[in-house]
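Next up is one chain by itself, shown in structure tokens, the form predicted on its own.
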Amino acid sequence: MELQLALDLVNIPEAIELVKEVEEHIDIVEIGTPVVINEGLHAVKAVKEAFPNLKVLADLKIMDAAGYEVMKAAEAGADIVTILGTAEDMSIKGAVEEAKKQGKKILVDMIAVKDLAGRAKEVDAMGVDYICVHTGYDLQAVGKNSFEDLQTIKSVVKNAKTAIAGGIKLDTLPEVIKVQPDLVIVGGGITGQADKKAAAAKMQQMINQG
């Protein structure tokens, strides 16, 4: 099980400072969609250059022109790129093809997918690397989480690794670990804490104990 730190509300210097604090306790740094929108793929490049030992995920939430966008993210140093599960099959296949060419990985974000089990089966067959259940900010605000959704996709996915994102904090992490995803994605559960390093260390310890 790996731990991914999601950076959403920072600029490049803040991102680098934040990662410095927790770098020894995380496996992947996510350059969140808001950061990519504010800063562009420079953010991916800057973080990858600052932390060559960490994997960097570019959360592009690709919907179209997938091959091209994966290529640009790969050029910037992204190890993993996200595409939406609601995208066309052609787009997802194009993303996978380009990622394989570049030696990179694709994570499918299942945010807003209505038939989770059905779509997870389909995208799994397309050769994606990760399938992620994701409760976005807007649904977290009304008390939703993805823990049950994780069980749903775990029951149908045969090839891809599974991931979970959305509102995971220290007190809800044990519930997540029980379902055994391959990747746990945490944002505010680390970045919103007074002692970020301690929060990341504790999460890493819990994940390693499985």
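Note that residue numbering begins at 1 and tracks the sequence as displayed. Computed from a predicted model, the values in this text were never measured in an experiment.
Just so it is clear, the following notes concern the form predicted in complex with a small molecule, a form of the same protein that is not shown.
With a 4.5 Å cutoff on heavy atoms, V29 does not count as touching the small molecule in the predicted complex; it lies far away.
The shortest heavy atom separation between L3 and the small molecule in the predicted complex exceeds 4.5 Å. Interface membership of D59, defined by any non-hydrogen atom within 4.5 Å of the small molecule in the predicted complex, is confirmed. Within 4.5 Å of any heavy atom of the small molecule in the predicted complex lies no heavy atom of V35. Only one segment in the set 92 to 100, 115 to 123, 134 to 142, 72 to 80 has residues whose heavy atoms sit within 4.5 Å of the small molecule in the predicted complex; it is 134 to 142. Only one of A43, I168, A160, L150 lies close to the small molecule in the predicted complex, with a heavy atom inside 4.5 Å, and it is I168.
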